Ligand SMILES: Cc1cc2nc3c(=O)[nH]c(=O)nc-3n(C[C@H](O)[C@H](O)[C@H](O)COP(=O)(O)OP(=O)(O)OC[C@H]3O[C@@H](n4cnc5c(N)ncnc54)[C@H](O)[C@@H]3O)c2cc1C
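Only one chain comes next, encoded as structure tokens, the form predicted on its own.
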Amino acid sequence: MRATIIGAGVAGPVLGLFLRRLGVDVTIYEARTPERLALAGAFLAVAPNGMNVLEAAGVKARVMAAGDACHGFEFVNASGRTIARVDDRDDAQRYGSPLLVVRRTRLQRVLVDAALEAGVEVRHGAALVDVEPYDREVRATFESGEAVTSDFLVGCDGIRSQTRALVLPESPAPASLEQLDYGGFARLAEAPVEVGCNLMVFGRRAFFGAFRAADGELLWFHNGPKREDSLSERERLLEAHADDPPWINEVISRTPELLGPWPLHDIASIPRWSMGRIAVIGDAAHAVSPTSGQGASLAMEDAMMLARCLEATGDPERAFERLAQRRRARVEEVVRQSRRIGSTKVARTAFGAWLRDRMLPLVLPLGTAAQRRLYSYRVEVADPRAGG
């Protein structure tokens, strides 16, 4: 059996690893060159449920070596006062893996290298322009004019999926969350961020998050509303955090290169994930905002579940249908949760900020319980061979 995968980000290489175990010949086509791919994003979190997928794929140790384990979260208001904490030091014992913070480029490099070693072919600079059923195969045509056929095709090409646009045109467009995301890497020893801690700051006009790696480096991000003005990107960020703890603007000032902006979008639901022998998974099927910390992990779960469904059925069409049946409720609930959390990041009034600061310690246990349900999910338990 031959498979074409569109996209070499996160879901594509992980799917390739699992398909190779089934003896499938796999080729991944990525529109971006390796140089452009290396510029995609800043860093991300791989939650315990995602790390457990990587363990099943045989690459957990290599990914762990590329990032840093997170032991907890601290939530701070615009005055610098701690309003809540979450201790995650027992995540590895509780779920089998910790939450890992890793540069996106490092994660992607590890996954692609592992896929190559497993016998997956990866071709860069191959932009998809057409895909269509061809007898009991699928024909994909690329910008270069090259056309290839395979037994099935899976779009792992992200929120702006070309596969989805070509095959599932009735799908809704990604919904704007009316916020911009920036990120960067800096060195500031005096910043009050513990090693292994995610420090989240509810600022006056924007949200700021920082994580300190074991080598002392700060990985940070900013979420804030879109603005139209004549300021430079750095000046805009500095102004947004002018009334927040001073160390934030010091971090921004010491960042050699600002990454972004990336407009934040999500996809709550699409009517179908597949058409015949063509399917989409990961962000192409159910994009979630970075607020959830689950985007990469959900994509990995999709990849593992799809391979298990194919193993159980032996038929791509049935496997795609079974995948959507077993995954839709989980991923769409995560999108809804993320929207609810994202709406609290920036208070619109002083009273709203005052109320949020006092309510957060009370509602945090509910959020922690929801997080634990996400972390404890195992693809092995959601057996694709049952029913359908």
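Don't overthink the numbering: it's just position in the shown sequence, from 1. Because the structure is a prediction, the values reported are computed rather than measured.
What comes next is about the form predicted together with the ligand, which does not appear here.
In the model of the complex, the ligand sits beyond 4.5 Å of every heavy atom of Val26. Contact check for Ala126: a heavy atom falls within 4.5 Å of the ligand in the model of the complex. At least one heavy atom of Asp181 is located within 4.5 Å of the ligand in the model of the complex. When contacts are judged by a 4.5 Å heavy atom cut-off, Asp88 does not count as touching the ligand in the model of the complex. Checked against the ligand in the model of the complex, the residues Pro98, Gly203, Gly293, Pro316 give one hit for a heavy atom within 4.5 Å, which is Gly293. This chain appears without its partner; in the model of the complex, the one residue of Asn249, Thr255, Gln162, Ser150 with a heavy atom within 4.5 Å of the ligand is Gln162. Contact annotation: the ligand lies within 4.5 Å of heavy atoms from the stretch 126-134 in the model of the complex, the single such stretch among 126-134, 308-316, 167-175, 70-78. Residues Cys156, Asp157, Gly158, Gln162 are the ones in 135-172 with at least one heavy atom within 4.5 Å of the ligand in the model of the complex, listed in sequence order.
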